[in-house]
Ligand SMILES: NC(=O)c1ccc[n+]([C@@H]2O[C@H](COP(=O)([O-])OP(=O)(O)OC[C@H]3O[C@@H](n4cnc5c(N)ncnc54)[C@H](O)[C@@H]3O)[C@@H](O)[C@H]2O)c1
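Next comes just one chain, in structure tokens: the form predicted alone.
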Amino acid sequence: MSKLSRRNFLRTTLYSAAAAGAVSPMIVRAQDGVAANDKINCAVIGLNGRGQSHIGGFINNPNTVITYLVEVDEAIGKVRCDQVEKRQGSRPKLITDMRDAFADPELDVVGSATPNFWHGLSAIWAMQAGKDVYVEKPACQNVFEGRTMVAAAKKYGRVCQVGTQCRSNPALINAIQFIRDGGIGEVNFARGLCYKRRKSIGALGDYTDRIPGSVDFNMWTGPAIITDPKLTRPNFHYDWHWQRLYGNGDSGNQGPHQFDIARWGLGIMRHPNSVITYGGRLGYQAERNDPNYVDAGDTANTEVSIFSYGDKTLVFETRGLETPDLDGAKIGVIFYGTEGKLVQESYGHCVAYDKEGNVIKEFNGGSDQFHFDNFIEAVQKRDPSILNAPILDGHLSASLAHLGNASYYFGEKNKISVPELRKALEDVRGLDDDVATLDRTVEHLKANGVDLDVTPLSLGPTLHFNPEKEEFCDNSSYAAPLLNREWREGFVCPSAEEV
């Protein structure tokens, strides 16, 4: 089926009937629930990185069996098949095209650990084919496909969990409840942090000859357009994160975890009213003592986004150079309350402080397995309401990254001096001391040898957003193309109305 278009794929599967209102064998099985002595048949798509976590999450659950592994790199796929066979006692079928698995009526569940640009379409195709889905974060690469994912889950009655596993960790569950119970007073402001060192991915160039011969490049590329040269970074795997055609930078890679926790603690279940972002891809010239060095990445490694919800504010800071922690956290969220603050220091540890800085309570506990088990329980019971991270939450959290990036991308050429930026931020009405946050960011860059007179920061426009319509307001409509992407023929994502 590797040459079939999306339309032909849907036409030739059993589940094209489901789209027309008929009932397929899979849907009957899912609605009735899987019998206690039956195993839930699972497929894992994408077997590097988080794909290995999906393999472990399904193997470690006594109610599941992996029957398909989907991988565009045959060499990696064979290794993973050997590993799965050794662990579960049966060998899954290795395929390149995920649609071959989706067409199997005996397949129940899909775990999508593909690169970001495949997340949305892989999950939508799977749900259209009657499968339940555990999709990695970010749930989607752009706002358009996230909206379609929410619509697909609703239309086809699918269980769709997003891989923001902190939602299932006791440390975070109890910490958020502590906030809700007034443990640090009234909380209307949260700061998300991604202080994660990221070195240059290498000089921009033509590395097409480095695409592994074991890779089906057509299926790897999927919905993304094919560029010329085909590969402009030295390392084929993983470093796609830092090229906006494929990834979303660290604000959209690590960020969805912290965006999700921040929204959760603030009690926000909608998109923001506005966003403004400043940042840049900085420091790599200084590291090489070469002002003309051009890194192959084009996402920001330093980025600050300010989101307004009217009465609540969320700020997200991305720092890719060497940096100390802030209040004990590098990857986490800080909630500021009228009676203290609560700091998420890791996925499994949070600390609450009073106004004088004394520890008043600590929260511990976390495991990836909790999240997979929560998903499988929802599949067995046919009850999406018990999911800890349903697709709507995943969409809202990923969209924060996309909206923040949209402001940055649109203003990328708007280079600005620090005094001018400081003055501009004085007019931003939020709950943070925005000038103080800028000053910390500037000091961080200077400490890493960045000369902001030579390589200045960029300031994006304030983008106003309509949370209900999921579109930019009239005075920000010029940024509308940044909510979607150019799709390649045969891999086009339908709209929410078309799904």
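Each residue number is its position in the shown sequence, starting from 1. From a predicted model like this one, the values you see are computed outputs, not experimental measurements.
FYI, the form predicted in complex with the named molecule isn't displayed, but the following is about it.
With the partner left out here, the named molecule still marks one of 183 to 191, 261 to 269, 240 to 248, 100 to 108 in the predicted bound form; by a 4.5 Å heavy atom cut-off that stretch is 240 to 248. Proximity of A43 to the named molecule in the predicted bound form falls outside the 4.5 Å heavy atom cutoff. At the 4.5 Å threshold, heavy atoms of G49 reach the named molecule in the predicted bound form. The named molecule is not drawn, but in the predicted bound form it has no heavy atom within 4.5 Å of Q344. Though the partner is left out of this view, N388 does not reach within 4.5 Å of the named molecule in the predicted bound form, counting heavy atoms only. This chain is displayed alone, yet in the predicted bound form one of V428, A286, M219, I416 has a heavy atom within 4.5 Å of the named molecule; that residue is M219. Residue in contact with the named molecule in the predicted bound form (any heavy atom within 4.5 Å), chosen from E303, E136, E145, D132: E136.
Looking at 101 to 136, the residues that come within 4.5 Å of the named molecule in the predicted bound form, counting any heavy atom, are A113, T114, P115, N116, W118, H119, E136.
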